[in-house]
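Next up: a single chain in structure tokens, the form predicted on its own.
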């Protein structure tokens, strides 16, 4: 009996080992791809951020790139611009998306499907195409200025692309137009999963529509709001297309973003991959900090 039991254990371990080997065989190709295209670039770029040089010749520079960052006026301007977009655009977009989703969630609203598609449609348009369209519409003699002049809102055309203030406003308008519908779809999906019994009980207690939205809808959408806030933060800190295609970073770097400046360091100026890698890790650091703050502000116990 002892021999049979030992034979069974050997067979069990052999079978388990075979299954483990088979499992690793199936996932090995995916792990290799993740290592080559994800892990290796991250490690390589981190090491590169401590180097400097031109072309293919680089040497260790320690904290030299960080010291250069602190004295780089263009980088500091790009950092300031990016934070301006983040501070103004993200709250506007989140609040607007919540409001629109609440309106479109009303089952009595006619043509709800049409409105949902119309508001979501900008999200699937080409980044370059819509940027060129906005640049044309907001030109000094563009459609927007002609309409504002026709209805006597302004006395003279607004220099959307020529004035630093109005250029930033234009970027914020473009971002809001494009991404509000994206966040709206998340909120709308979450709202449709809220039990109608909550609203019925609130109406019986005399709560009006705003009170229902404030005390029922918003608290129950807290995880979704946190998700969209973090994703919007990441997207804003990585902002490139609008700055590049609408304003070109101008006038006088008034709208340039961190990602746009990385592009300039890599392709427009004499390439310095080490310095560009250092700038890119500023984005990583900012995303981590702001995401942590957002988790804390929402009271999430799973924050890092």
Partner chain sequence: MPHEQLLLRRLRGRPSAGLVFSYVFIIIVAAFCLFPFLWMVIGATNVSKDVSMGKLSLGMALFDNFANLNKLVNLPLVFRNTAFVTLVGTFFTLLVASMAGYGFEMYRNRHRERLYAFLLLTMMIPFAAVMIPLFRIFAKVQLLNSFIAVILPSVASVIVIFYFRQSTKSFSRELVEAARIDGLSELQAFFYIYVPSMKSTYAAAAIIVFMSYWNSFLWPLIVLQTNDKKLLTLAISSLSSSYTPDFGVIMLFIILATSPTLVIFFAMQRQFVAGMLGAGK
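Residue numbers count along the first chain shown, from 1. Note that the structure is predicted; figures quoted are calculated from it, not measured.
Note that the form predicted together with the partner chain isn't included here; everything after this is about it.
Peer 1: Spot the stretch among 151-159, 198-206, 83-91, 124-132 with residues whose non-hydrogen atoms come within 4.5 Å of the partner chain in the predicted complex.
Peer 2: Stretch 124-132 is the one.
Peer 1: Residue 236 near the partner chain in the predicted complex, any heavy atom under 4.5 Å?
Peer 2: Residue 236: no contact with the partner chain in the predicted complex.
Peer 1: Though only this chain appears here, would residue 27 touch the partner chain in the predicted complex if you measure heavy atom gaps against 4.5 Å?
Peer 2: Taking the distances in the predicted complex, the answer for residue 27 is yes, it comes within 4.5 Å of the partner chain.
Peer 1: So, residue 67 and the partner chain: in the predicted complex, are they within 4.5 Å at any heavy atom pair?
Peer 2: Residue 67: no contact with the partner chain in the predicted complex.
Peer 1: Would you please decide whether residue 75 lies within 4.5 angstroms of the partner chain in the predicted complex, comparing each non-hydrogen atom pair?
Peer 2: It does not: once the partner chain is placed as it appears in the predicted complex, residue 75 has no heavy atom within 4.5 Å of it.
Peer 1: Check each residue of 26-54 against the partner chain in the predicted complex and list those with a heavy atom within 4.5 Å, in sequence order.
Peer 2: The stretch touches the partner through 26, 27, 29, 30, 31, 33, 34, 36, 37, 38, 39, 40, 41, 42, 44, 45, 48.
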